[in-house]
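The data below hold one chain only, encoded as structure tokens and taken in the form predicted on its own.
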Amino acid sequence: MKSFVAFTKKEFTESLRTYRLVVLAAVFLLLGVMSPLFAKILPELLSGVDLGGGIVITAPDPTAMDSWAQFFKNVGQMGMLTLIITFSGIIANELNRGTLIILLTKGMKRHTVILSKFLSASVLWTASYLLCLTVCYAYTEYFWPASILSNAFLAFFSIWLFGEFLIALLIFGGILFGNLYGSLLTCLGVIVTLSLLNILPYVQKYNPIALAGGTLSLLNAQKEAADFIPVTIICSVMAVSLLVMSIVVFNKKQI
């Protein structure tokens, strides 16, 4: 337990020194501000634009749902891309530099490294996401007070869970290939595969990629919470399975 706590503290210190925390916080703060502001000003910018031939754009008045639509779009795309880039080298860089050899030869368990890496990355991701969510909620309430949200907890939890899945996937890719490119390609390859599978209607209900952009339908009550329970369970199981496989592969891997 002492080695786990010590290694986790080292991870947080490294995140500060490498500006990993600063980058994540800055990007997600920006996304939290941008979502409601963009939803607010875009209709005003488009209204009255003459396309010629008597065609004039008439944009409807923005609502709170427009803000949350921007939130899910921004976090599900730019936010997840930032998450992938930030944590792509979380394990691969140390394997390349050989910095883990000394710690492991002194008795640190290999599973301690995996779990500590996952915990530290999860804390940074959670803090950044909550910052983004809080700022977006504050601005949305300011522009559109007393807006009604359905299934809010599950909707916001789902996209957070997908971020946890990506972290576990990056760790697994880094362990499997031992370099940053392998970690990135593993993660991007899985995302592309899930996106292609999402074309099939009968797969969509069970596809984790739905958690990255389809949860707006929960907020506006177009879908019920029960529609997302299966994919939430599947995504959780996949994240845990990736961590278990990372430990198994790492225990057998020569460093």
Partner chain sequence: MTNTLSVKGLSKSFGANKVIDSISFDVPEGSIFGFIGANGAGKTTTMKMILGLLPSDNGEIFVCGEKVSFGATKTNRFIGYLPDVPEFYGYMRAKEYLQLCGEIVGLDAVVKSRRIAELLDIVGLSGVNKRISALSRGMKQRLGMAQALLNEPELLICDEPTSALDPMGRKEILDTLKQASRKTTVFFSTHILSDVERICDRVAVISGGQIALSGTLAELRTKHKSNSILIKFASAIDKEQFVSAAALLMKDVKSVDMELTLRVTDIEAAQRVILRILSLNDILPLKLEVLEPTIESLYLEVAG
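Positions refer to the first chain, counted from 1. If you're wondering where the values come from, they're calculated on a predicted model, not measured in any experiment.
What comes next is about the form predicted together with the partner chain, which is not displayed.
- The stretch in contact with the partner chain in the predicted bound form, judged by heavy atoms within 4.5 Å, is 89-97, chosen from 143-151, 89-97, 69-77, 161-169.
- None of the heavy atoms of Ile84 is located within 4.5 Å of the partner chain in the predicted bound form.
- Although the partner is absent here, Ala6 lies within 4.5 Å of the partner chain in the predicted bound form, judged by heavy atoms.
- Mapping the unseen interface onto this chain, Val135 falls outside it, with no heavy atom inside 4.5 Å of the partner chain in the predicted bound form.
- Not displayed here, the partner chain is approached by Leu103 to within 4.5 Å at the level of heavy atoms in the predicted bound form.
- Residues of 1-23 lying near the partner chain in the predicted bound form, listed in sequence order, are Lys2, Ser3, Ala6, Phe7, Lys9, Lys10, Thr13, Glu14, Arg17, Thr18, the criterion being any heavy atom within 4.5 Å.
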